[in-house]
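Shown here is one chain on its own, the form predicted alone, set out as structure tokens.
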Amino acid sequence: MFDLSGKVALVTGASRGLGRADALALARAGCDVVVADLLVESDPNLEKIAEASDSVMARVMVTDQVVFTERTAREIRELGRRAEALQMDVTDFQMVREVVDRVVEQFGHLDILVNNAGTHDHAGQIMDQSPELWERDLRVNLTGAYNCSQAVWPHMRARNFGRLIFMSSVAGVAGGFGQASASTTSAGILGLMRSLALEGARHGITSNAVVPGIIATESFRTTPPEMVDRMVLRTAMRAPGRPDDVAGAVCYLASDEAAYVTGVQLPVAGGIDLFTF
């Protein structure tokens, strides 16, 4: 639907779920893609890295062998695009900058950044929220997106072209019961996105956010059934979305068709953000 031939994208948190779907969809649209994630399946220290991340979901995905960073890059190359799988911790600015510089050196330029990396496994009402996990979520979800955006900025500005695409959530717009850290960081992402939309407008850089509702990713399948039922009933379409639904929105925001779209939060939520009864 959208022609991204000749473009180069960096997708963070792309080992699975929305990031993997985004990377593959961008490749199908003609884009060369760098698949970046903290977890890379061939890393001999994979389990230790997952443990050190303080992420329950990361540990579950490693145990269940649901880490597809290198596999995603191979699938992209099979489509005839260039691709590389790189390990990157979005909380480590020096590592982020080195990865971005490597991408520009190897691919020649960097046009699209999809800030998808995030943690979403910290649940509990305010008295049960963990101060350590609160800080982790701020570092990964919010500072991570800031680090990546700052690192790509000079390269995009030098070419007078760029697409920054952030991944927020409906919890960042409507709040989320028992999701203080997830809601706060998702809302912060929207503020960062709008600020960069203002700063980038005169330099050919657009900045937008996709705002998913409940999407049937690998991690969603670990959600207790009773909670899934409640969320589905809260959704106007009475069904979870597919990762490709989000990936389609990402491809649109990356395309020339969205050249005059900036500062927008685009819900892909099946109507969960509407008053449903």
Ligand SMILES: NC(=O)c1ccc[n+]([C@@H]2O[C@H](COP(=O)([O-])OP(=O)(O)OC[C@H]3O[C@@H](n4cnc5c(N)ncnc54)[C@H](O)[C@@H]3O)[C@@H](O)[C@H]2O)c1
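Given the structure is predicted, the values throughout are model-derived calculations rather than measurements. Don't overthink the numbering: it's just position in the shown sequence, from 1.
There is another form of this protein, the form predicted in complex with this ligand, and it is not shown here; the text below is about that form.
Asker: In the predicted bound form, do D37, A117 and I215 all put a heavy atom within 4.5 Å of this ligand?
Answerer: Spot residues vs this ligand: full contact, yes.
Asker: Given that the partner is absent here, state which listed stretch (97-105, 167-175, 200-208, 125-133) has heavy atoms within 4.5 Å of this ligand in the predicted bound form.
Answerer: Within 4.5 Å of the partner lies stretch 167-175.
Asker: Quick check on T184: any heavy atom within 4.5 Å of this ligand in the predicted bound form?
Answerer: Output for T184 is no: heavy atoms all beyond 4.5 Å of this ligand.
Asker: Can you tell me whether V140 touches this ligand? I mean in the predicted bound form, with a 4.5 angstroms heavy atom cut-off.
Answerer: Yes, contact at 4.5 Å.
Asker: Spell out, yes or no, whether the shortest heavy atom distance between A145 and this ligand in the predicted bound form is within 4.5 Å.
Answerer: Because no heavy atom of A145 falls inside 4.5 Å of this ligand in the predicted bound form, the answer is no.
Asker: If you check in the predicted bound form, is D111 within 4.5 Å of this ligand, heavy atoms only?
Answerer: No.
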